[in-house]
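Just one chain follows, in the form predicted alone, and it is written as structure tokens.
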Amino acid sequence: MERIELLKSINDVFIDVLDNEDIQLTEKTSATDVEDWDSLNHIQLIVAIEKKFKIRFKSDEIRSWQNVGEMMDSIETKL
């Protein structure tokens, strides 16, 4: 999967989980950049991404992410 397609797929998950059609993620986007991306929604986002891509993340991996690009790196290693 191309990186741009991956970003689009992740963006779609964020729109669905956070119920906000205006979300436009970039690789540099972090939780502070997205309204409603709090700790509770973070868990829901992770679960939704794991289901969409049929993968599982380790908790250390999740805690290490600083932005969407780092999340994408983890997804790519599992695909």
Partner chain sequence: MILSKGDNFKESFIVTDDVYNGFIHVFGDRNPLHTDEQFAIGKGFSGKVMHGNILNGFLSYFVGECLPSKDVIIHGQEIKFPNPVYMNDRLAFEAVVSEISEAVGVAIIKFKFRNIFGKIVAKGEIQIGML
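A quick note: this is a predicted structure, and the numbers were derived from the prediction, not measured. Numbering follows the first chain given and starts at 1.
Keep in mind that the form predicted in complex with the partner chain is not shown, yet the notes after this line are about it.
When contacts are judged by a 4.5 Å heavy atom cut-off, Ile62 counts as touching the partner chain in the model of the complex. The partner chain in the model of the complex comes within 4.5 Å of no heavy atom belonging to Val34. Interface residue remark: Glu50 is counted as part of the site for the partner chain in the model of the complex, having a heavy atom within 4.5 Å.
Using a 4.5 Å cutoff between non-hydrogen atoms, Gln44 counts as a contact of the partner chain in the model of the complex. The partner is not drawn, yet in the model of the complex one stretch among 54-62, 21-29, 67-75, 7-15 has residues with heavy atoms inside 4.5 Å of the partner chain: 54-62.
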